[in-house]
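The form predicted alone is given below as one chain in structure tokens.
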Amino acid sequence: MMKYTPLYLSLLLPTLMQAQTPTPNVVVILADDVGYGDLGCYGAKNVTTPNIDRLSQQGIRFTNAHAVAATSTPSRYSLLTGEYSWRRTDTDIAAGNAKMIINPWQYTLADLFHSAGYRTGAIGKWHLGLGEETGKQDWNAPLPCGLQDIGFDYHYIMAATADRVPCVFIENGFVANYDPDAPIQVSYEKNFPGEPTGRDNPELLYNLKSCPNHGHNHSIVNGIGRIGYMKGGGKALWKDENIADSIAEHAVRFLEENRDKPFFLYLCTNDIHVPRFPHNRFRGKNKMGLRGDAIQQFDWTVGRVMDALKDLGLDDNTLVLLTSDNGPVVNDGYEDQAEALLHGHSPAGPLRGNKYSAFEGGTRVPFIVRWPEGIRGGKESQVLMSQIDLMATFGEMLGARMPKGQALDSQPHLCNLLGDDASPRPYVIEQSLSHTLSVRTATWKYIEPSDGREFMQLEKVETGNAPLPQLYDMTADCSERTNVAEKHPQVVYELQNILRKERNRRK
């Protein structure tokens, strides 16, 4: 196959498509709670990630790429829609029985690829709601509002996260391996009569104990306490140690079934998010305990997917993008000794803050792109990037037109993605758990004033909240220790003005 340089590719791709030349397959691997410092190629200690490191060596490793939010649901919403989650009031961390947060009429990344003739799939963690109304889903019948309504041809997903009920996979809108002898009931308000809970029956938490006062003490599934109440499920209930295998197996099957047509796969792993309970073949392999084992299990999944692409003869013309939905959190509700066993490892690398935080560690994430047909590998890029731009950037790659009023905040940066251009995005906007917004440029980080708490005691996370404006020179102080707002009032004014204009902007 003819090899195009990235610069010419961006100019020629619409013409190539008209000539029916094969376009690249695309696989987006979205990790859960993987921090900037959690992977070998980003300087991790005490854990090896050979498959991800190989991906980095063969592609581009970005060192200044950002998720849109420091928590899962808003981050994923923005990635898939190209719209800042803070423009809506219903994109906070979703319960397992939340309604569909992305509206069926919204144009999504899946719609973009589907419209270009791609077969589209979503596998793994979803956490963006299902059904038409919160708490009114019938989990024993096909869900009338789901991923099929926003561009996905195939989906095998977890409704929310592993620490929230319902603890079943959903395939194409219906509970996978449904057990008619164990109909499913779900509530986030009250328990079902006679059902044990982690709070009242801690002796039943035989796989993983919950931390006190952290919320993971409702229904017990597979010997692990969850958030929310669930009854039934039977044979459909997952076993946490098999989640990674299920996700990898269905991903490989999707690749095999679509080998003869262009495809887009949105592959969302669960491993590092709590409860961390990897398969036995990964247990005890890492000095950091379950969290370290879970990182290595995630690396195995990446290797499994890359091996499948190679075996199918698809790896050269498949663009693989690996990133994370937000920064890391160590102590997040289960007694897995993750904090005690770090042994000098820093999940956020040199950055301050973690998941939930307005500081850099909450949103700066690993970001690796590999595509042998279009990218010269073995490079590092310091260009400022944001996941908000994936919609417009892939649209540029496909020569697609964006519907009016959709993907409001997404900008095309294909040359950045392919390593052709080091010109940074002018700025990116980031959102913390407390809805505090930050503006990040190539040089500066501005965090708006907030009256929220400065420290989350249970998670041991600095929130980044402060009553006064914060400004950090990121070229000199990536750890955000010296607030220079008083020394640079003009910069503060300019970045405040960006936030004001963005908040006032409408579709």
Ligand code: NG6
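Source: prediction; values computed, not measured. The numbering used is simple: start at 1 and walk along the sequence shown.
Omitted from view is the form predicted in complex with the ligand, to which the following refers.
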Interface segment, criterion being heavy atoms within 4.5 Å of the ligand in the predicted bound form, picked from 369 to 377, 134 to 142, 162 to 170, 337 to 345: 162 to 170
I'd like to know if H279 sits close to the ligand in the predicted bound form, meaning any non-hydrogen atom pair within 4.5 angstroms. no
Considering only heavy atoms, tell me if F113 and the ligand come within 4.5 Å of each other in the predicted bound form. no
Looking at the partner-bound form in the predicted bound form, is V274 within 4.5 Å of the ligand by any heavy atom? yes
State yes or no: in the predicted bound form, is some non-hydrogen atom of T71 no more than 4.5 angstroms from a non-hydrogen atom of the ligand? yes
Please tell me which of Y356, F298, F394, F152 lies within 4.5 Å of the ligand in the predicted bound form, judged by heavy atoms. Y356
To verify the annotation, which of these, D332, D293, E360, D389, has a non-hydrogen atom within 4.5 Å of the ligand in the predicted bound form? D332
I93, K125 and H214 each touching the ligand in the predicted bound form (heavy atom, 4.5 Å): yes
Going through 28 to 63, which residues have a heavy atom within 4.5 Å of the ligand in the predicted bound form? Please give them in sequence order. D32, D33
